[in-house]
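A single chain, nothing else alongside it, follows as structure tokens in the form predicted on its own.
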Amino acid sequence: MAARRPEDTRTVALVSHGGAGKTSLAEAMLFDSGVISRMGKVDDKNTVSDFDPEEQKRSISINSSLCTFPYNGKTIYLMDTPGFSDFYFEQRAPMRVVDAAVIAINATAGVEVQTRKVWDFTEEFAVSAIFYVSKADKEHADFDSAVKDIQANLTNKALPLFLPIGKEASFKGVLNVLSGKSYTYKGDGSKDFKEGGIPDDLADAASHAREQLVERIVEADDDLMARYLDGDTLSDDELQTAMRKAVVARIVYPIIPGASTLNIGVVQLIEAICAYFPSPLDMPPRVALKGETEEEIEIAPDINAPFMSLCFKVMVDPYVGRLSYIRAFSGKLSTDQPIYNVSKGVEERVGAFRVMRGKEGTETKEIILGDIAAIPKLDSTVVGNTLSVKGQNNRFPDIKLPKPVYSLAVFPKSRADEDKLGNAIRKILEEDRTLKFAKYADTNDAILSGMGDMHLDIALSRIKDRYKVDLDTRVPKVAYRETIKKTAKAQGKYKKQTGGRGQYGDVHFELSPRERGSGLTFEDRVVGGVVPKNFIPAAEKGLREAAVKGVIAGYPAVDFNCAIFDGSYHDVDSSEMAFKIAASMAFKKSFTAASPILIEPIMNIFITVPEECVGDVMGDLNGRRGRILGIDPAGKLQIVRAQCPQAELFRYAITLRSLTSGRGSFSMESSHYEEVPPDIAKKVIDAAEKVADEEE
């Protein structure tokens, strides 16, 4: 790879709601830069960035993909990201490390659910952005409507830098309102265009757009602002300089129309990236944590400072093996230097740095401030780790992981699959940290959790294809609990006579309800030594062991106090085992007499949907025994806050997608436990009894 300079580097995330045409845009950018000789198509499964077999099978982006290319002396690191909510982390993690973003807006749909989320990322990470209004050639494409939508629902700082020439099928070019130059294309996918002036039918619109844009960009320069207000004429060079300052300072967000598959407007977008987006040197210092403390320090973008980088992606390549993607935020590092994982305290050797373009990589001996590269075979590194040099112990804050919203119980189809499962799960979790895997003793389920049904379907497919492990799945069991509603007493007496020494234990328990979530407590109220002190722990152990399996449906019994207040013993026959058995008997009797109930986990759920879908979502929640807590506006979207039983939510990701035509998303978290309604409790108990009978 040719020599690079930080001032000539641009790091850009390509983000949008699903279906806005990011991958087609990335393909056109690579073609216009000359690094590929023809544009691939998503439907033909031959694009540079969608190279994963699962992506090609489904014709959607699943992974973020680095597409590096040179353009007019600049090096552009372009991260093509997925647009579907199941792959939210593959959008968010790249946004953590880039300096700017191109936000694609479908000209036929405007601002959508995931558009709002990616815009929030630009705010969270304070990166500059350009809005690319895609698919301007399609039927019902409306650039003016898309602009108003962006301004009303995302930011009023977004202003057209280019206007479309023509509309829908007649869309043929773009007009730069700042320079007054038009660019008319053949529409055959070539990068050839003809320069011209302002078309007569766009004169008024161009004048109005230019006035709005100039008024905004002069805010970036006080002297220019004063001259503008005094009526001075500003030169093109002055306006270009002010434009860059305004974009870097996030005073303005340019809007550019285009049609990627026809390759109209893409060259102008690339040139805007080069001209207006910040270089690494333009960025403010990054926040880091000092040593092993939580004290915040700043890491300046200085090529002469110690090397510091952040791993934001790990990928398993079938030929190269494990690839760790890093972004360099300061200094430089060559392959003859070891790299130090500050987060793990491990030093590793670097064989090569690979500058990636899809699945292909070009090796380079050195990476510098601003570079994004992949390092093969770093065994210890995971997403969020800080990579530096030995002796430097500052670290970047970890990358926040989203909470899973969809889970499946998984189990191997054969003994051979069971033997290989552990290794397969470990490797898939290393690559995709938004997946979670856990075994739950109370339900005896092995649960794989992720961001949606498509996410888990892809993970299971990869486990099968890569690691030859075939898994069956089912809906997870609900972690029901049992508890009591009133106080009750009972005796448990175990007496067994044999030819030799017998067994004798006798306890009296009083069970009383406790506050929900407070657990099980044991209280010794025995007086007069009717139960010797050395047998009290055995009685408590017997109680706790019995409580694990409950009484009414085999679920753990919780949230009650058990007081042992009486009993008796035998000088010879009493033993710890006898008192454990007696305690179990006393627990079951007193629990049954204390109005036992089944309780279930309740989840807090936050659902983001278009306003027109709110009624359907609320109706569906009511049918799931949900409670609506409130509705909060978020632009033209609405956030429905509710509580709902976990039993009703295992497949909610699928339902919500259907209710909102894929425009809704949600997150949830555990809240508390509540009593299960009697009719549903009866079904759960009957099902538990049936399973118990089958196991006997």
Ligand SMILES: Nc1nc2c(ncn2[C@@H]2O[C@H](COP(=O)(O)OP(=O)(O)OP(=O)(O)O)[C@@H](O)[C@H]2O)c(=O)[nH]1
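All residue numbers are counted from 1 along the displayed sequence. A quick note: this is a predicted structure, and the numbers were derived from the prediction, not measured.
As for the form predicted together with the named molecule, it is not shown, yet the points below apply to it.
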| query | finding |
| --- | --- |
| Interface membership of Thr23, the named molecule in the predicted bound form, 4.5 Å heavy atom rule | yes |
| Heavy atom of Phe84 within 4.5 Å of the named molecule in the predicted bound form | yes |
| 4.5 angstroms heavy atom contact with the named molecule in the predicted bound form for Ala259 | yes |
| Close approach of Arg10 to the named molecule in the predicted bound form, 4.5 Å, heavy atom | no |
| Sole residue of Arg481, Lys135, Lys313, His508 within 4.5 Å of the named molecule in the predicted bound form, by heavy atom | Lys135 |
| The named molecule: the contacting residue among Ile36, Ala647, Met668, Val42 in the predicted bound form [heavy atom, 4.5 Å] | Val42 |
| Proximity to the named molecule in the predicted bound form (heavy atom, within 4.5 Å), stretch among 260-268, 293-301, 366-374, 434-442 | 260-268 |
| Neighbours of the named molecule in the predicted bound form among 433-469 [non-hydrogen atom within 4.5 angstroms] | none |
